[in-house]
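Presented as structure tokens, the chain that follows is alone, the form predicted on its own.
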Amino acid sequence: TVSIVHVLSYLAGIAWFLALAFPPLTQRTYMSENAMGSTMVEEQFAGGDRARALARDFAAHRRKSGALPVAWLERTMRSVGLEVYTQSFSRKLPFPDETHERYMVSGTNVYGILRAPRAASTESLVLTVPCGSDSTNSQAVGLLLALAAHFRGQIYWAKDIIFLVTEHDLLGTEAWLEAYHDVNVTGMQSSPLQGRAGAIQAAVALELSSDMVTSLDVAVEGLNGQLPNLDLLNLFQTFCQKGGLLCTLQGKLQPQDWTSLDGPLQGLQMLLLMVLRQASGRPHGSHGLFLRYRVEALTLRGINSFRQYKYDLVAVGKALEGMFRKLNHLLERLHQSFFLYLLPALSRFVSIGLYMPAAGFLLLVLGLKISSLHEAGVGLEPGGSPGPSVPLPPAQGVGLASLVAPLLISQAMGLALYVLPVLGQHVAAQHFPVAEAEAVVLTLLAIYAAGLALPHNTHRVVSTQAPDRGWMVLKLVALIYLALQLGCIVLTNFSLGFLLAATMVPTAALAKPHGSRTLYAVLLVLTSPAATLFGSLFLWRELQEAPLSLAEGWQLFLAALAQGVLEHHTYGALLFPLLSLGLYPCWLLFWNVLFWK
């Protein structure tokens, strides 16, 4: 049975999380790194016209060639005095990416290195512009080249600066990073790099598609929920304030008034948006791939909306110049500030010590339930009346052998969910009138649904002695398995762990083969990992004030499934294996408990 303590613990976890956006728990951000906080620099960048002219040239050459104009970029970078190198790469995706319309991808990255006149090439900074097949980003390339020309004329650089233009968005970035660090983690084929600078200390990715911007939006969430050091974000905000630039987070202006209720409620909205983005484990910009290599990085996106105040490329260039000059002062890697935090606004943060109790209260429910089941199983005689803790006679005990079947079958379903969709895509595409990408998604859904029929088969191979003991021991194993998984996930990606705990913990505690089975079954299905993902998409669009209809939501859900599998195989995103190999088999154990005979 579920006691009042379980309910109170769960409610305390949810209430604690909602309270994170309110001032006692949310603190003002501050600069921790002494080398970046002591003096302000004077920005001198004035190459706005040059940046616009270069952007027009780049766009014209790109239209003409239909791909990244590599020769033009090499020529232009050399003309401003950089050491220029190119890197070719190719990648065959596990199945066609219908979102970006690509399958066999090959491209070229171009990068120029500005050598530091005041130091040996031991450390470097990166300014990168990702160029996709659909994104223009011409103004960002123009600004990058204009900044390179300006930086070339200065003598104070103590770190090398790498100006990098990548093709095919994140695929090009991943190819370059793997070659730079001499590793191959994703099966990318690429040529070795001819030129290198020092160890990369920090990186800024830039995305601009117009000459004028009304605000700069900053993206911090990286691959598998990694975040850059908070000082890098503080640095960006400092220079936006200095230059009078409007800066946004999650595409929203930050709340000003934290004394009334309006500010914290807006903050809660932004906090939820960040939690959903971080939980997805997707890199939200090419900076997200740098974080894997212990390089602090951000993506800055120029937004041109209908606001009255607009800023030109000079203002954006000055902010970038200020940031790079400050990063040039660093004596060691950014490490003084937080790596684990949540952001209800750009100027406010919640540190790990303050948000962890929210997940702790939810996991406490599982701990209490495990201890109560353990006591019920060990401290009761077979008759059910309380008595001394006598071990059960072998005939009535539940041997571990009887639990092996449901455990193995559930785990095998998880393995099938992970392996079969990509392996069997060609077979499915041959026998059914669907494309490969659709075949992968439909196979995923078919295997997921097939798992629901399992209890009708597993109970046949389970020992029939002491049937009550059987489901209780199976539930005990399932609860321990779930608690261990959620505990590990919360430590590495709090947002994902919290979302899964908030949905799975109540039904896990309630599951039993007595009472209203239909109600429990509906609740279990509604809190399964796939339903959580489906619901998260609706919440995400609701918070962005662009609500979805059910049909749109379903299409977005199918696209998200395909992208999740693709990103795992392409960049190493861990959400898909976590759900298929860990949480889905665990959820099937609770389904088995519910339909125990």
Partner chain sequence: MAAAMPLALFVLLLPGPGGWCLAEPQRDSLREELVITPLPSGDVAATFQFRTRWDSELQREGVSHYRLFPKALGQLIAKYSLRELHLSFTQGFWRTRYWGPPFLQAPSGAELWVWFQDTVTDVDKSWKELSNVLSGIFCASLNFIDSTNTVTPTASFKPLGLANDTDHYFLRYAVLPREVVCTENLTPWKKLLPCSSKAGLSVLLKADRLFHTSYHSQAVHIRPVCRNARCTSISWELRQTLSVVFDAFITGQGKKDWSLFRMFSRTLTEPCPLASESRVYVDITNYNQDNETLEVNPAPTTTYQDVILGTRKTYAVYDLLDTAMIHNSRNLNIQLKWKRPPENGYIHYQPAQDRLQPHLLEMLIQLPANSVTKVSIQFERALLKWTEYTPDPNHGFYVSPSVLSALVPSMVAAKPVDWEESPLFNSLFPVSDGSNYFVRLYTEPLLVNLPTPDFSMPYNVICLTCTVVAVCYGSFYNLLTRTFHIEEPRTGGLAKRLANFIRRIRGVPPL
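Positions refer to the first chain, counted from 1. As the structure is a prediction and not an experimental result, all values here were calculated from the model.
This protein has a second form, the form predicted together with the partner chain, left out of what is shown; the following refers to that one.
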**Prompt:** in the predicted complex, which of the stretches 511-519, 205-213, 116-124, 263-271 has residues with heavy atoms within 4.5 Å of the partner chain?
**Reply:** 116-124
**Message:** What I'd like checked is whether Ala21, Lys242 and Ser351 together line the partner chain in the predicted complex, meaning each has a non-hydrogen atom within 4.5 Å of it.
**Reply:** no
**Message:** Given that the partner chain is not shown alongside this chain, does Trp72 nevertheless sit within 4.5 Å of it in the predicted complex, heavy atom to heavy atom?
**Reply:** no
**Message:** in the predicted complex, does Tyr85 come within 4.5 Å of the partner chain, counting heavy atoms only?
**Reply:** yes
**Message:** If we define contact as a non-hydrogen atom of the residue within 4.5 angstroms of the partner, is Gly187 a contact of the partner chain in the predicted complex?
**Reply:** no
**Prompt:** Are any of the heavy atoms in Asp160 no more than 4.5 Å from a heavy atom of the partner chain in the predicted complex?
**Reply:** yes
**Item:** Contact assignment for the partner chain in the predicted complex, among Ser79, Ser305, Gln256, Thr99, heavy atom within 4.5 Å
**Value:** Ser79
**Item:** The single option of Asn234, Gln485, Ser106, Gln201 touching the partner chain in the predicted complex, heavy atom within 4.5 Å
**Value:** Gln201
**Item:** Contact set, 181-219 vs the partner chain in the predicted complex - heavy atom within 4.5 angstroms
**Value:** Asp182, Gln194, Arg196, Ala199, Gln201
